[in-house]
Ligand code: HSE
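Next up: a single chain in structure tokens, the form predicted alone.
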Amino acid sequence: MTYDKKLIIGLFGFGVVGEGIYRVLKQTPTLQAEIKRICIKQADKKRNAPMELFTTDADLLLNDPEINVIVELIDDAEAAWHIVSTSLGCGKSVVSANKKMIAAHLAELLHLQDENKTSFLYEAAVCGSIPVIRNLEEYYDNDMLNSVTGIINGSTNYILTRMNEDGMPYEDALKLAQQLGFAESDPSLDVQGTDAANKLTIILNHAYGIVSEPSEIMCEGITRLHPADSVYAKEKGYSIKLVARAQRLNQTDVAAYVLPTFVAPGSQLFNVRFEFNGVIIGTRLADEQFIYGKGAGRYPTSSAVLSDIAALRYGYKYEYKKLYTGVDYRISEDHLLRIYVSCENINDINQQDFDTIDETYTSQNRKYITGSITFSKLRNADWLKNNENSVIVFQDSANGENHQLEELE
């Protein structure tokens, strides 16, 4: 196989990642890729690159026949959708890191790639430098994949690490994460779990061929967690993590959610701390594979973007093999989870929603219930809408070890 395809790149965005990509391409001629033009918002801002490269006119990149690759690295999801959809429609290959845009337009993006025979790569959109998408796409055959479980948002993991290990209040941990650049000035997408739900939407497609929307995934962030929850976790030897989970239940159904989770010391996720990400891929033959690394930041994201650019030199594209296996998986809410609910008033929780109750505890300051509940009842419970109540799932139920989940032969 030859690698002589010359990549002429139009770059959207020149933040820390965009500048990093520019510098690496300048220093690595063996990649046979060069940036012809860069589209930015502010024309008068001083940048560490020749001014003649920059423009505020997106059409100069999109309509340039010499540019055969668009690299999109902007924050605005709708603007990114216009850039990516137009580029694919023009027959240009595209590399993107915008998980919100990809999750929101997944079905349309699949259609555009097929219709225009173009390549759209986005490894950087899920877990930064950790090669989750490429591994799911290339290595794991669908009938051998039981689950994908991960800490896939570094901001919330940093906050929870400070809360769990240092006893730091949520507000202080969030402020520190923002000061260190691990959380945005508006952290709502991260702390409410939306970012992880966007990533899980993408993972579901490559793991099981499920084309869904983020709204189909039950998603609870970390804003409801109470200091008493950390006390309970320490007493039981757990660590609290925000975990995204895709679990095959049987031959057609998959459980999918993003929930705060009690992680036991025996899990590889237990020691995933601070801004790091970790993903466990569970298979029928090889048991569990664990991938660990930095999920965000200048260099991890740049690494993933560069890997995608390099792959375009030999015409690589996602084949979306799981869409064509003949098995139509769907997201199911008909399964049990073992959960912990803490609250101010125990009477606020309808205990009849639970299939079984293991423990009820009351004290002057905080009350909690542990037990098993059908997923659909949990998602639709009135008491879940009360922001004073926190819900944490036990990892043993999420691992498919719960006896209520169908045994896979």
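Residue indices: 1-based, along the sequence shown. If you superpose the two forms and keep the largest set of C-alpha atoms that fall within 1.5 Å, you have the rigid core. Here the structure is a predicted model, which is why all the values come from computation and not from measurement.
Keep in mind that the form predicted in complex with this ligand is not shown, yet the notes after this line are about it.
When contacts are judged by a 4.5 Å heavy atom cut-off, residue 184 counts as touching this ligand in the model of the complex.
Contact check for residue 154: a non-hydrogen atom falls within 4.5 Å of this ligand in the model of the complex. In the model of the complex, at least one heavy atom of residue 195 sits within 4.5 Å of a heavy atom of this ligand. Residue contact with this ligand in the model of the complex: residue 295 places a heavy atom within 4.5 Å of it. Among the residues 308, 229, 72, 190, the one placing a heavy atom within 4.5 Å of this ligand in the model of the complex is 190.
Checked against this ligand in the model of the complex, the candidates 245, 199, 92, 206 yield a single residue with a heavy atom inside 4.5 Å, and that residue is 199. Contact with this ligand in the model of the complex, defined as any heavy atom within 4.5 Å, is confined among 176 to 184, 254 to 262, 330 to 338, 113 to 121 to 176 to 184. Applying a 4.5 Å heavy atom cutoff to this ligand in the model of the complex picks out 99 as the lone residue from 71 to 106. After superposition on the rigid core, displacement of the C-alpha of residue 186 between the shown form and the other one amounts to 2 Å or more.
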